[in-house]
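Starting off, we have a lone chain in the form predicted on its own, written out as structure tokens.
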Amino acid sequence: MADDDEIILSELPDDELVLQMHDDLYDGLKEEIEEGTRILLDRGWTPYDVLTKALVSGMKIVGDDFRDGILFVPEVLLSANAMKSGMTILKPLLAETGAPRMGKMVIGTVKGDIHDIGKNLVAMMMEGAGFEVVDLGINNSVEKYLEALDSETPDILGMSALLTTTMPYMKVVIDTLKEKGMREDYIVLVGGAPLNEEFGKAIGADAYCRDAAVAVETAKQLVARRHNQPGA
């Protein structure tokens, strides 16, 4: 008799398989997520349904528990990695089917700062929520941000800093956007350990995001608001 550890994914009906995938995402099981994704596709699920019902819904549970202090960064990174392995299968298929997406984000750590764990987590959680994410990495100058905004035309610009000395550079980027008359074209989200809400307001960002879970919620709200504006 098979014990509980030997769940055969291909033998589960759709609804149970989706719940099992939520559990596997929570546990950061990469291979199981790949297998589950393929099984659902083979059963005729659309790539978009696999993304939203199996992966994004599963990552929402991870995000909520991270926000509530039940899960911590290492566990969330494992979940996000498992999510990515499913996304690798779905991405080309989603591109073909022209599936709706939440929005697009360009994200990077600011000039002088080489910290990226928080930024990576935000990027992964945003992907997990169905956003397209372009990650510029660390140590980004104004020019690099502008170049990416120009070539990627995102909805959101995300900037992160972990050092008090690099925080002011966020204002340099936002001021440059204002000077060029581009500030209103983007939702600007900022984050990082030394920042707070007052700082976000003072430099002219749309929002300060305390952690990755907050970043996802804030991004969803602001993008929805922007799409609902007449003439936006």
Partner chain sequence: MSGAALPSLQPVQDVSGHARLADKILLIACGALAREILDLKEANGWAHLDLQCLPANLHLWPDRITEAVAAAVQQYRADYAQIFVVYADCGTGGQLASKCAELGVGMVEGPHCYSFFEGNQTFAARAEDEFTAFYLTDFLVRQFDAFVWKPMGLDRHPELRDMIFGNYEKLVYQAQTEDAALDAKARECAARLGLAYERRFTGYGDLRGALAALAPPHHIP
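Positions refer to the first chain, counted from 1. This structure is a prediction, so every number in the text was calculated from the model and none was measured. Just so we're on the same page, rigid core means the largest C-alpha set that superposes within 1.5 Å between forms.
We do not show the form predicted together with the partner chain, though everything after this point is about it.
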Only one of Leu51, Ile39, Met167, Ala207 gets a heavy atom within 4.5 Å of the partner chain in the predicted complex. Which one?
Met167
Counting only non-hydrogen atoms, choose the one of 42-50, 176-184, 189-197, 55-63 that falls within 4.5 Å of the partner chain in the predicted complex.
189-197
Please run the contact check for Arg67 against the partner chain in the predicted complex: heavy atoms, 4.5 angstroms, yes or no?
yes
Could you tell me if Lys144 has a non-hydrogen atom within 4.5 Å of the partner chain in the predicted complex?
no
Non-hydrogen atom contact Ile117 with the partner chain in the predicted complex at 4.5 angstroms
yes
Is there a heavy atom of Pro74 lying 4.5 Å or less from a heavy atom of the partner chain in the predicted complex?
yes
Residues within 4.5 Å of the partner chain in the predicted complex, restricted to 126-156 and counted by heavy atom
Ile138, Asn139
With both forms fit on the core, has Asn81 moved 2 Å or more by CA between the shown form and the other one?
yes
Rigid core superposition, Arg183 Cα moves 2 angstroms or more between the shown form and the other one
no
Are Leu163 and Asp64 closer or farther apart at their Cα atoms in the predicted complex than shown, with the shift being 3 Å or more?
closer
Given a change of 3 Å or more, say if the Cα atoms of Leu163 and Phe66 sit closer or farther in the predicted complex than in this form.
closer
